[in-house]
Structure formats: C-alpha cells, structure tokens
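Single chain ahead, by itself, as structure tokens, in the form predicted alone.
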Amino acid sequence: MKQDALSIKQINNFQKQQYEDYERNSANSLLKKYTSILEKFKNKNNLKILDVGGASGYFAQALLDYFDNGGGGGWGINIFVVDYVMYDTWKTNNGKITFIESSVEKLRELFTHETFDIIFANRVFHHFVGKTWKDTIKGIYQITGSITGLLKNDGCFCITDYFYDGYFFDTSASRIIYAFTSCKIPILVSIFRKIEAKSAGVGVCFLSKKMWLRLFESHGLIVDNLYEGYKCKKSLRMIIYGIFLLLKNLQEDNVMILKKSV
C-alpha cells in the first residue's frame, strides 16, 4: 500500500543557531557514549555511516577523526550527513564527509542502492513534526521504517533522545508539549522561548519510553543496549512543568542501540 506523503516542518533560524552551538560543545562527549559500537566496527573495511539530521556536522567530524586517528584498522570509511538545512560548517569540511541538503522523508530516494553499517539519529527524532500530533506520530513511524530499510542486517541503528513520560496516560506529555510549541501566536512563541522551548513556533514531539519501545517493535528492531540518561530531579521548576505538561518523568540523552531481528 502506498504511504501518504509526509510533510516535516523545517527548523527556524533561531533553532539552527542554538543547535549548532550545542553540537560544537557536545560532539566529543556524544561520541564517547557510542564507544562500544565504534569498537565493534573499527576494523571493518569499507565502513559506511549515515548521520540522519546531522545538522552542523560536528559529530560526523568527530567520527571521522576517531577512525582516522587510530580508532580503526580497516580500510575506507564513508560518512554521509543528511539534513533539511544547510549549515555554513559544511563548507569547511575536508571533503571526506558527504553532506546532503534534503528532508528525512526522502531517505529512500537518496539511497536507492545503498545500505549502512551504522546509522545515527542524535536528538533529532523529536524534530520530525508535522501539521498535527497524529500526523507527527505517523511520520515518525514512516521515517523509522525508511531508516530500518537502509540498515544492513548486521548493522546498528543508534539513537540519542529524550524520554518524556506522561501522567494519567502515557502520551499526555507528548501531546501537550507538541500543542504548546507548535502554537504560532507571537506573544506565546516569545514566552515559550523564554522558558527554553527552542522549538517554539515550529513544534516538537517528545516520546515516552513506552512509545519508543512500541516504535521499535513495530519495525522489527531489537534493543541491543539501552543506556538511560540523566533523570531530572524534582525541583520547583520540574514540579511546575509536571503540573502544566502532565509530565511524570523526564530523562535526557538516553542512548538506544538497535539491531534488526533477523
């Protein structure tokens, strides 16, 4: 059955600058989270890596440095970065990384005859937002299917993202946060940005831990390793967030290592 065309919203300039600054300072620390995976593939010849939503490319450069500077004994590495937005940093790379300005919906069109050993999606899934929350969830499922299709049978799909677990019913926080951040009323956008909602005016869709696991199961993906990240403490700020967002639990930078169930 033919799938409906997706329409993922593009980030704004405010978000773009925020993410570039953040990635510049966090690329190496993120790389360390994947040490076990990188060790596994360090001697593989013709290693192919895809970074979905790779933004400024700092993480891709950290990967290249790792394999070029003694991290890999194999021969040949190809790194591809796909992002909807072109960053100025792309122009300063040494040519060993292929940057592609394209939407994530077009992955299967971009790589019709290629598969990858490792696919990364670092802090990007919550930006795959559509016109409504339901459209967003549908799009996330379709995108996951496309990525799974590009993964080699013995490859690894690596995700770093958040867990937003809701009160009363599992998806409550996800729905409410999407509704607030996708609102386009200027005064509300300004208010949400002041409380650190970088995606205000565009939208963001965080998933709960249960939602992530259901997503993986639906595409035949097995969680090989799950490293749960920092769990936010019950500060006054978190209590207020919990009340307004029906947020029971928030964990940042959870690392999920996935394999195909073949």
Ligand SMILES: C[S@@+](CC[C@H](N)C(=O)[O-])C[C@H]1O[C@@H](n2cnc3c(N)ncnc32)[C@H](O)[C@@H]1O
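Don't overthink the numbering: it's just position in the shown sequence, from 1. Keep in mind it's a predicted model, so treat the numbers as computed, not measured.
Not pictured, yet referred to below: the form predicted in complex with this ligand.
> Among Asp165, Asp170 and Tyr241, does every residue place a heavy atom within 4.5 Å of this ligand in the predicted complex?
Not a single residue of the candidate spot has a heavy atom within 4.5 Å of this ligand in the predicted complex.
> Which listed residue (Leu110, Val85, Leu188, Ile176) meets the criterion of a heavy atom within 4.5 Å of this ligand in the predicted complex?
Selected residue: Val85.
> Of these, Cys158, Ile147, Val104, Ile79, which has a heavy atom no more than 4.5 Å from this ligand in the predicted complex?
After the contact test, the surviving option is Val104.
> Given that the partner is absent here, state which listed stretch (227-235, 54-62, 213-221, 38-46) has heavy atoms within 4.5 Å of this ligand in the predicted complex.
Careful reading of the contacts points to 54-62.
> Quick one: is Thr181 in contact with this ligand in the predicted complex, heavy atoms, 4.5 Å cut-off?
Thr181: no, not in contact with this ligand in the predicted complex.
> Counting only non-hydrogen atoms and a 4.5 angstroms cut-off, does Ile8 reach this ligand in the predicted complex?
It does: once this ligand is placed as it appears in the predicted complex, Ile8 has a heavy atom within 4.5 Å of it.
> Any chance Val124 has a heavy atom within 4.5 Å of this ligand in the predicted complex?
Residue-level check for Val124: yes, a contact with this ligand.
> With the partner left out here, check for me: in the predicted complex, does some heavy atom of Phe116 sit within 4.5 Å of this ligand?
No, no contact at 4.5 Å.
> Using a 4.5 Å cut-off on heavy atoms, which residues of 23-38 contact this ligand in the predicted complex?
Read in sequence order, the residues that approach this ligand (within 4.5 Å, in the predicted complex) are Glu23, Leu30.
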